[in-house]
Structure formats: structure tokens, C-alpha cells
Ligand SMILES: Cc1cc2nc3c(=O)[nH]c(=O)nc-3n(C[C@H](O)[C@H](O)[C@H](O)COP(=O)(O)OP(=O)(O)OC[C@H]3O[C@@H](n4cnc5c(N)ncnc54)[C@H](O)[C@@H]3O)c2cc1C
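Take a look at this single chain, the form predicted alone, given in C-alpha cells.
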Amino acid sequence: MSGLPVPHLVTDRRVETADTVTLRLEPVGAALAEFTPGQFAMVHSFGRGEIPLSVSSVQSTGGLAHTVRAVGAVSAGLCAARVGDVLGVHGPYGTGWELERARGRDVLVVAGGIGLAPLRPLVLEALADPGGYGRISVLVGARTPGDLIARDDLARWRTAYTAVTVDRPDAHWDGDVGVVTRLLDRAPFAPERTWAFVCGPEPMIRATARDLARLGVPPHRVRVSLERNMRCATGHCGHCQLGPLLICRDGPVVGWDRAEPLLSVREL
């Protein structure tokens, strides 16, 4: 892993929401080392810079998919990329979800907003091996119906229990309303034999992990993906430090037993 951007061709661009797209990328030359669900790449928009993006799909060809929301100059540049454009990618970096640890047990996925994107390859992996896991549940929350991503996937994941809720419904919404943690009591999982995987805004992660602990899921079996300001992706610059952890190196995915004490410390 050289850390230099490897050229990747944009082969597909799917609009998810008003400010979010999913880009499918194929390597122009040799593929990068294989990514595992939960890991991230540094994706480079030439002339603007690069940002860390979790993989939302891993292809057998070495191709990747990344879901990106336009919130700054680099992410806006990536969102504006068109089929045929070339972007730079290097990685893989960080820790993955480690779904294999959940074999034989129930799998609970809880996503908030764009946090569904890093969880998508985990869900696909679990559904591709129906005999390897117990019951699979996918709970998704978003601010509004217009903020939901991966709608086609949610409709296809029929072998999993799926439930979706929004904070602010529109006139056409006929689903659940409220925070995603309200869906936990309906989901078919046995806390004592469950592995949970959680990604979304930090307040949602805290609330979900604490409700899972209340229901009886051990903290070490709740895997969360943390977000901090990553610059180098290799643990050298220190921008993403959280207590003793460097999130780009020791995360982004960690057990709640490690994350909870660190996130409980009030920041200055």
C-alpha cells in the first residue's frame, strides 16, 4: 500500500438523494488489495483533494462503490463526477465489521441516514450465506423520506427483517415515524445470541448501543463505526485521535466496550 492515489474509472453514478450519490469505480490498472466491509479508502478528486469514504460495495473485479454526500469542496467534487471520469483511490484502511464473529448468531444492523452505506456490504455478505447466521434484522432511520438511501436494496432484502422510520414524514409517507431505536423492540433477535452492527450520527450510535445494552446485548458484541477528522489514514498525523485510539488505524469499527468510555468524556 503506497498511499498514492490509484486511478479508478467512474463506471456508474446513482443519485441517492438531493445531495448524495453512489459512485461505482473500477481500477484502470491493477486493483487495490481486497477491502472488507467496514474498511475505508481515501478517494481523491484531482485538483481538490481527498477524503475518507467507507466502501458501500466490493466487486470481484476489484471495483468499489462509495456513497458520498456533498458537504464540502472535495465531497462536492466527488458528487459531481460523471461516468467516464477518473478519480484516485488508495487503501484499504482501518478495521472492518468482522461479520465472521457472528456466525451462528442473530445479526442486527442499525443504520442512521448515510450510515447505511458502510453497512450495505455487511448485509449483502450475511444474506449471501443464509445458513451461516440466525435471524437477520435491518433497522434504518432517516430525517425525512427524501434522505433515505439504498431504497432498492431495502426492497430486495426480503429474507431479512427490515424496518424503516423517519423523523419528519411527508404527505406520502405511510411508514414508521420516530427515532430508529423505537424499532428495536419489534425486531426479531435474541439479545443473548446477537451481534449488532451500528453506524450513523454519533448521538444515534450512543442511544442505540445503550438501548441494546438495556435489552441484554453484551457491549463487546455491539460493533460501531466511529467518525473523526481523518487526514493521513495511517495514524501519523493524529487528527483522528480519540483517547488512546487513532480512528483511521484502530477503527473506524470498534466494539462498544471500547468506544463507550471514550465517548462519555466531555469534550472541551
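Numbers for residues come from their place in the sequence shown, where the first is 1. Quantities reported herein were computed from a predicted structural model and do not represent experimental measurements.
Another form exists, predicted in complex with the ligand; not displayed. Remarks below refer to it.
- Checked against the ligand in the model of the complex, the candidates Val58, Met204, Met230, Leu212 yield a single residue with a heavy atom inside 4.5 Å, and that residue is Met230.
- Proximity to the ligand in the model of the complex, defined as a heavy atom within 4.5 Å, singles out one entry of Val177, Val71, Ala128, Ala155, which is Val71.
- Shown here without its partner, the chain carries Leu53, Ser75 and Ile114, all of which come within 4.5 Å of the ligand in the model of the complex through at least one heavy atom.
- The ligand is not drawn, but in the model of the complex it has no heavy atom within 4.5 Å of Thr36.
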